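Below sits a lone chain in structure tokens, taken as the form predicted on its own.
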Amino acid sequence: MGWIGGNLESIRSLQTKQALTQAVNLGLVVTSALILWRGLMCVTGTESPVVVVLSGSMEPGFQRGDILFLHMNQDPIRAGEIVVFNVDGKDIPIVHRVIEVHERQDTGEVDVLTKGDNNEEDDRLLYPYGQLWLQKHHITGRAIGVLPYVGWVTIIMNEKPVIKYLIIGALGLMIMTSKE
């Protein structure tokens, strides 16, 4: 009985050790992703270096599900540029084209008017009541690149939360049960 009990204890110890190793590996993966995201934020100068196009308002230039890479610098914003902006009171960033830039002579501040390429009218209806222009602090980035259709994964996971939880659960299970 001593030999069997010793072997069982050895197996339990090995399983605990393996579980701890897998938990540390999962922590390293999550930490690496966060470090990569923070690094992208520093390089691009924007809080959100990557966004997914969620609607068809920019068709045919950008399709729903395209991933846009953003950059933000101090260069003046020009009409024709595609920008991502946040509107006060709304959580979802909007990707639209700058159609008009107005520089105030007295302060030098720049006001911007945007419009989706596939929309009939400008975005003033999207802005908060009484706001006619976007200011620089509303703009979070300028589009500098696109990866077509890859963002559909994000759209599907947001529109169908069950799929998101199944994928996260399956990935967690794979990480925790791998024999490495």
Partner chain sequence: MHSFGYRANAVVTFAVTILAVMCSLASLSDNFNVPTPTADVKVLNINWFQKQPNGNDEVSLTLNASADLSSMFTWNTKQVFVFVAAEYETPQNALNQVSLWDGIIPSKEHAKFWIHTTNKYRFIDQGSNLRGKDFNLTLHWHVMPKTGKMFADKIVMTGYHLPEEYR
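Heads up, when I say rigid core I mean the largest set of C-alphas that superpose within 1.5 Å between the two forms. Numbering follows the first chain given and starts at 1. Just so it is clear, the model here is predicted, and its values are computed rather than measured.
Just so you know, the form predicted together with the partner chain exists too; it's not on screen, but the next bit is about it.
Does any part of Gly56 reach within 4.5 Å of the partner chain in the predicted bound form? Heavy atoms only, please. Close contact is absent here: in the predicted bound form, Gly56 is far from the partner chain, nothing within 4.5 Å, heavy atoms only.
I'd like to know whether Val87 contacts the partner chain in the predicted bound form, with contact meaning heavy atoms within 4.5 angstroms. So Val87 does not count as contacting the partner chain.
Using 4.5 Å between non-hydrogen atoms, is Val146 touching the partner chain in the predicted bound form? Yes.
Gln131 versus the partner chain, in the predicted bound form: is there a non-hydrogen atom within 4.5 Å? The answer is no: Gln131 has no heavy atom within 4.5 Å of the partner chain.
In the predicted bound form, do Gln15, Met157 and Gly172 all reach within 4.5 Å of the partner chain through at least one heavy atom apiece? No residue of the spot touches the partner chain in the predicted bound form.
Heavy atom within 4.5 Å of the partner chain in the predicted bound form: which residues of 96-127 meet that condition, in order? Counting only heavy atoms within 4.5 Å of the partner chain in the predicted bound form, the contacting residues of 96-127 are Arg97, Ile99, Glu100, Val101, His102, Glu103, Arg104, Gln105, Asp111, Lys115, Asp117.
Against the rigid core, is the Cα displacement of Gly80 between the shown form and the other one at least 2 Å? No: Gly80 shifts by under 2 Å between the shown form and the other one.
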